[in-house]
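Here you get one chain, nothing else, as C-alpha cells; it is the form predicted alone.
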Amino acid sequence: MSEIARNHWDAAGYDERHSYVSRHGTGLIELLAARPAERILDLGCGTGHLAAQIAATGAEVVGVDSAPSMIQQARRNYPHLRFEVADGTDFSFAEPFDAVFSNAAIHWMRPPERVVECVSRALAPGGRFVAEFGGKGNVQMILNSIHTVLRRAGDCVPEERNPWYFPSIAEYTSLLEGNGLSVRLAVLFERRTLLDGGEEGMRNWLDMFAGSFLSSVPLSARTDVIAAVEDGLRSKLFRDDAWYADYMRLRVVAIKE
C-alpha cells in the first residue's frame, strides 16, 4: 500500500471494515486471465485476498506490499503463499514475471515514474501489466469537504500531506509508453462505492485512508472534525443509511515490448 512513511496500517481493521476493496478486484482478476504455471506479481497485495484468488488458477504468485502489518496479515490469511515486504518504487526480482497485477494500490506509490520503471523491469518480454487504481477526480467530493473543514480551522493542508497520485489517462499512458510498455487498454470510469459499516462507513474510511490530511488535528478535536467532514458530504454521498465513496478508477492493460 502506502509507499511513503505511513506504513503502519491496521491490517485486521482493513479486513474487517474495508472488504469492498478486494471484492471490486474480482473483475480485474478476470481481465488478468492468469494461466497455470505463470509467474505473477501482485503489487500492493494488502492482506492477500486477491493473490489467493490468482493462485487458485494454478499460477505462481508473489505478493508484495510496503506495509509490514499487511504482509503479516497476508501470511496469516494464506500461509501457503509467498508474501514479501517491498517498496513499490524500488523492487526487483531475480526471475522475471509473466504479469504484474495491482488493485487499488498504485495511487499510494510515489513517485510514479519509479513504480513504472520497476514494473517494466520485472516483466518478461511480452509480459503484461494489469492494474486498477484511483484516477483523475478520485474522491474529489471527500477531498473538497476535508479541505473546507480544515481551512475553517486555519489549516491550509500543504501538498506534502497528500499521499495520493490520481493521474489522467493521457498522463499515465504516456508514462507507460515511455518505459517500454505498450498500452492495450486505458479507461477512466466512475464507480460510486458502497462503504462497509452503515452510518460509520465514512468515519471508518477517513480513519483508514485519510489520516495524513488529519495529522494536524489534535486527537481531542478529531471526532468533531470528522463529523464536520461528514456533514459536508451527507447530502451527496449518504443514502439509504449507507455511505458511498466517489471513486474514479483508472484501469490499464499494457504489454512489455
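Note that residue numbering follows the sequence shown and begins at 1. Since the structure is predicted, the reported quantities are computational estimates derived from the model, not experimental observations.
This next part talks about the form predicted together with benzoic acid, which is not shown.
Although benzoic acid is omitted here, in the predicted bound form none of F97, F129 and Y172 has a heavy atom within 4.5 Å of it. In the predicted bound form, at least one heavy atom of Y247 sits within 4.5 Å of benzoic acid.
Mapping the unseen interface onto this chain, W108 counts among the residues with a heavy atom inside 4.5 Å of benzoic acid in the predicted bound form.
Proximity of A86 to benzoic acid in the predicted bound form falls outside the 4.5 Å heavy atom cutoff.
Using a 4.5 Å cutoff between non-hydrogen atoms, G134 counts as a contact of benzoic acid in the predicted bound form. This chain is displayed without benzoic acid, yet in the predicted bound form the stretch 164-172 from 88-96, 164-172, 71-79, 177-185 comes within 4.5 Å of it by heavy atoms. Checked against benzoic acid in the predicted bound form, the candidates V116, A104, I146, L123 yield a single residue with a heavy atom inside 4.5 Å, and that residue is A104.
Shown here without benzoic acid, the chain has only N138 in 138-156 lying with a heavy atom within 4.5 Å of that partner in the predicted bound form.
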